[in-house]
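Form predicted alone, single chain, as structure tokens, below.
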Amino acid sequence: MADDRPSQPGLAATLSLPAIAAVSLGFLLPVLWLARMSVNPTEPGGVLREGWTANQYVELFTDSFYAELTLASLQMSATATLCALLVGYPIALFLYRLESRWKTLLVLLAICPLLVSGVVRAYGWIVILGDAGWINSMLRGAGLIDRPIRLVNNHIGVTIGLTESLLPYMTLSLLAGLGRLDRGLEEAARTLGASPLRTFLRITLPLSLPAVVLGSTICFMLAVSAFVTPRLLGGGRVLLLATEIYEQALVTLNWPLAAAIAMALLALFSVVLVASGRLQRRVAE
């Protein structure tokens, strides 16, 4: 008697149809719309015309302003990612090794900033870092400064805000990847006379490198595409790719150029993902 049950590949393909449809509607179609918009000709004032043109991409890749903007965005994102890694790694390692009934609560506290809106957190940093904020008030009260230190409306404030917003993602990514750690190897190294620093450099850090690469990749892409924090803490003085997309789309009404910048940013994400995948395979070997 013939078996009428669907084969495993056929069943898997059928069960994947809802996910494929959701991805197509939520991601592929908007990306295709952006790609088409990026080659649309425009008239002065933002009026769109039917047709095709590569003028937006020519401007994007020949104007030195956009090269400087891309470099500034990459530097800002890399700095914020590095700061989040330096702060998040000890936290994640402590939480991973913690054996206490309070471990779950501490993990929740580490990621609780995700429960607060990015706008609220940005305004909170403005209160803390402003000229009359807590930090400047304490420094002036201690007699360390005579005039306020500018910590907002510049790259310093944006870096601090981005680092804080990336920290929960970095901590979660590191916690998810620290399962490769083998405490037996660390104990063996200590038994053989290795110092805590040598044990960390030769055992702990190499085994945790895949988690470091994963967390850094996620945080870097989030930082490059961040808009709320640079817009509010930068005060319009810190220009990045995300803020430029906003300016071109809603201020100058140059939608094709905004779409072209967005497509270039998407291409940058693809390059980062490919490089991250190769790096993860190398460090995992």
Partner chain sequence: MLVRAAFALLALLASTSIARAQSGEITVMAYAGIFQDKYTEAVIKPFMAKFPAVKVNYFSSGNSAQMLGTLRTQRSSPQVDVAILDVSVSNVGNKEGIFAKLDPAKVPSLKELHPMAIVPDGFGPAVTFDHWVLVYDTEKVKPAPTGLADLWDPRLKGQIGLSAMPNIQGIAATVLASKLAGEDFKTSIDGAIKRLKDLGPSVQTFDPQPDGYTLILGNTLTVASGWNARAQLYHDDSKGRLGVVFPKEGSVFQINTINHVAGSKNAEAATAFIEYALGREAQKRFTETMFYAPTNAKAEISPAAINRTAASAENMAKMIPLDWDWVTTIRDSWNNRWRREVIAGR
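Residue numbers count along the first chain shown, from 1. Everything quoted here is computed from the prediction, not taken from an experiment.
Beyond the structure shown, there is the form predicted together with its partner chain, which is absent from this document and is the topic of what follows.
Using a 4.5 Å cutoff between non-hydrogen atoms, Asn153 counts as a contact of its partner chain in the predicted bound form. Put simply, Tyr57 is far from its partner chain in the predicted bound form: not one heavy atom of it is within 4.5 Å. Using a 4.5 angstroms threshold between heavy atoms, Thr53 stays clear of its partner chain in the predicted bound form.
With a 4.5 Å cutoff on heavy atoms, Tyr123 counts as touching its partner chain in the predicted bound form. Scanning 97 to 119 for heavy atoms within 4.5 Å of its partner chain in the predicted bound form gives no residues at all.
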